[in-house]
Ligand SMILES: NC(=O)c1ccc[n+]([C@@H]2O[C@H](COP(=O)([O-])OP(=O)(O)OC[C@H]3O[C@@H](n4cnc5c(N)ncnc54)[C@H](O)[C@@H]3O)[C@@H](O)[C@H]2O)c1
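A single chain, nothing else alongside it, follows as structure tokens in the form predicted alone.
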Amino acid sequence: MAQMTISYGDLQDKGILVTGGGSGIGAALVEGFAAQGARVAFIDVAQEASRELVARLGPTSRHAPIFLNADLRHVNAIRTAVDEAAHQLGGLSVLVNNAGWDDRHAFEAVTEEYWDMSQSINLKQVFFVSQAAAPHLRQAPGGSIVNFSSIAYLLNMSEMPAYTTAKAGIVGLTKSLAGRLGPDNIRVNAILPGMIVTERQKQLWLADADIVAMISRQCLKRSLLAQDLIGPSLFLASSASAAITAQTLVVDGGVL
């Protein structure tokens, strides 16, 4: 990972919780916050990748990241994991709702069961993780929630209707939570990534031609990587954005 050149001193020793932090974008965020000297916990269902991340980052971090294994589809599991994270971190100042499942699916093939599962992974858990984290964030001198949406719902993409519905819902949820939690000095913002090229994306969905086609639509003529989301996340988590809430930050290289 490219080294961050900006230091957010107020994040040092702060308790940060990242959902879906075991791989891909989430792992980059865990590493980015750990590099700031923060106390970082992350929730994931992927045990092997998560343990490898902890083993890799632990020896070089001010605070070794903490892995909590939980299935975010289940509200009781969410509440237990969030409370445990706050306990082990000694408090919680920042929540990053990164976890999601960008499965491709045909409109005609979506069943009720599939729809409900997609919403539980991509939208429902964002609400309930935030709900579980709020009492802990209220005890911080200024809390921040960073929700991950996507530009996918803005592009009329036809191959993931359940996913894009959830990602649009996250923007609405972000604004509602900002209104509810603002009086508690908790800010809530959303990041909308563009095409982020990860190993999973390349293995499952993205051919070289797809990447070239998206780069041709971007103002910035390069692939966007998970590391490109670290800086925006640190900014929205830190006091550098102390007056910013209920906003969406698009990180897509300038898609035309």
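Note that residue numbering follows the sequence shown and begins at 1. Just so it is clear, the structure is predicted and the values come from calculations on it, not from any experiment.
There is another form of the same protein, the form predicted in complex with the named molecule; it is not shown, and what comes next is about it.
Handout entry: Contact label in the predicted complex: residue 22 to the named molecule, heavy atom within 4.5 Å
Key = Contact with the named molecule, yes.
Problem - 4.5 angstroms heavy atom contact with the named molecule in the predicted complex for residue 149 - result: Although the named molecule is absent here, residue 149 would touch it in the predicted complex, with heavy atoms inside 4.5 Å.
Exercise for the section: Decide whether residue 71 counts as a contact residue for the named molecule in the predicted complex under a heavy atom distance cut-off of 4.5 Å. Expected result: Yes, residue 71 lies within 4.5 Å of the named molecule in the predicted complex.
Exercise for the section: Answer yes if any heavy atom of residue 35 is within 4.5 Å of a heavy atom of the named molecule in the predicted complex; otherwise answer no. Expected result: Residue-level check for residue 35: no, no contact with the named molecule.
Exercise for the section: Would you kindly say which of 89, 171, 121, 132 lies with a heavy atom within 4.5 Å of the named molecule in the predicted complex? Expected result: Answer to the contact question: 121.
Problem - in the predicted complex, the residue from 57, 66, 196, 214 that sits within 4.5 Å of the named molecule by heavy atoms - result: It is 196 that has a heavy atom within 4.5 Å of the partner.
Handout entry: Stretch from 81-89, 97-105, 182-190, 134-142 whose residues place a heavy atom within 4.5 Å of the named molecule in the predicted complex
Key = Heavy-atom contact with the partner occurs in 97-105.
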